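Just the one chain here, laid out as structure tokens, in the form predicted alone.
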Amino acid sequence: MEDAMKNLSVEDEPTASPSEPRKQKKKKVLLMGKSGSGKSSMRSIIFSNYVAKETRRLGATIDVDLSHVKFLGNLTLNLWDCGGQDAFMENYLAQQRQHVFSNVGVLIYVFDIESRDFDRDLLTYRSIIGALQQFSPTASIYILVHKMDLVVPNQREEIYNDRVSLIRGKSDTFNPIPFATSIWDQSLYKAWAEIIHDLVPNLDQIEKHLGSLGKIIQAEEVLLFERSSFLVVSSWTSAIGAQNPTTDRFERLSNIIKNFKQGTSKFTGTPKSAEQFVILEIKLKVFSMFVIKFTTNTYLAVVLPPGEERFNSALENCKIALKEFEDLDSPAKKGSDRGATSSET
């Protein structure tokens, strides 16, 4: 297997040489929605390692809360968490229109499923779509229909589909991608993983590397997680793994491990963003699994058929394969244009 690892490299794109440093990518992401819809809570859970119950103490966002979130080594999200009070919305659409809506890579718009004035919410959304069409017509739009846990289970699908249909009707030429979300389950991880997935640099190469690795070690599934948020960056599934009936297992795993890290942080006194573990092993009669600290910015999870020899071989070969993933995960090399952006914010 070690010899096979040498063939993991991908030839589609030439590797940047020291004289041609790879540019860091910056993406402007607008997080918008009415006040109280849950924007700041979800941001805190995903990027600041809060647990759901801790978000109750968060106050309302005043104007724009701007944060720079590093994701992997080569992507920075300029995340604009925009206050949703009427006065702020009017200001964004009038005095700050060009400043807020220029060079937007992604708009994430959050709708509160329990809103008492959904028609008014739609009018605000339509105004924002108009501003985005004017200044960032190529932006991607994601719609999060949030707080779905507050809806009676047997009515969720019908109400969600009705909301999505109305939202699409106000989206002009854009084709928003909708998600039903809640801070109390793994649905939030599914939505944000999909959003981030579309922004990750070198994704094609990462996916090819991951597929090659999965086949070489004869895994059922291989998952690559971002270190801090534990969102799934990429995954590979074998024919056997594809038969797993639990379709949201990746998001469940993100949620479980994130809570495990938070619990460890609480009892060890280490920061929530720290790396609380290097390896996690699970060995059962029906399958084996390990989660290891991989590159500087990632963890790797591997699901295997049972067997000690197979498990140990896969673990060692993942350590060997690490060399092939390091460059895809590293920030730009030092150079005259270090920190240059692919799009201005």
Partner chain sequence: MPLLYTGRRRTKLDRKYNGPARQGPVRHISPAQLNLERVYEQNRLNSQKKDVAKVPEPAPGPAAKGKPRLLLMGQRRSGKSSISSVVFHKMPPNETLFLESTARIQKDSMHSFMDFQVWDFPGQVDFLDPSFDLDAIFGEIGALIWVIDAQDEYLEAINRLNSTILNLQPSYPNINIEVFIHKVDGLSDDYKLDIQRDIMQRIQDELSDHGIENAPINYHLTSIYNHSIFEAFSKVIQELIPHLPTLEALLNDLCRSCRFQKAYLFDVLSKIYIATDSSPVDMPSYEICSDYIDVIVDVSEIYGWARPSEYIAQLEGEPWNKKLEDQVACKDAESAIVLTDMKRPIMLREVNKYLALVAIMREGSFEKMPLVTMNVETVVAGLTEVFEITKQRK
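Since the model is a prediction, treat every value here as computed from it, not as a measurement. Numbering follows the first chain given and starts at 1.
Just so you know, the form predicted together with its partner chain exists too; it's not on screen, but the next bit is about it.
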item	value
Candidate site Thr246, Phe287 and Pro306: all three near its partner chain in the predicted bound form by heavy atom within 4.5 Å	yes
Contact residue in the predicted bound form, chosen from Leu107, Val110, Leu253, Val233 - any heavy atom within 4.5 Å of its partner chain	Leu253
Heavy atom within 4.5 Å of its partner chain in the predicted bound form - residue from Leu203, Ile240, Leu123, Ala87	Ile240
In the predicted bound form, segment of 112-120, 215-223, 165-173, 192-200 with a heavy atom within 4.5 Å of its partner chain	215-223
Its partner chain contact at Lys266 in the predicted bound form, heavy atom, 4.5 Å	yes
Proximity of Lys283 to its partner chain in the predicted bound form, heavy atoms at 4.5 Å	yes
Interface membership of Lys26, its partner chain in the predicted bound form, 4.5 Å heavy atom rule	no
Partner contact for Ile279 in the predicted bound form: its partner chain, 4.5 angstroms, heavy atom	yes
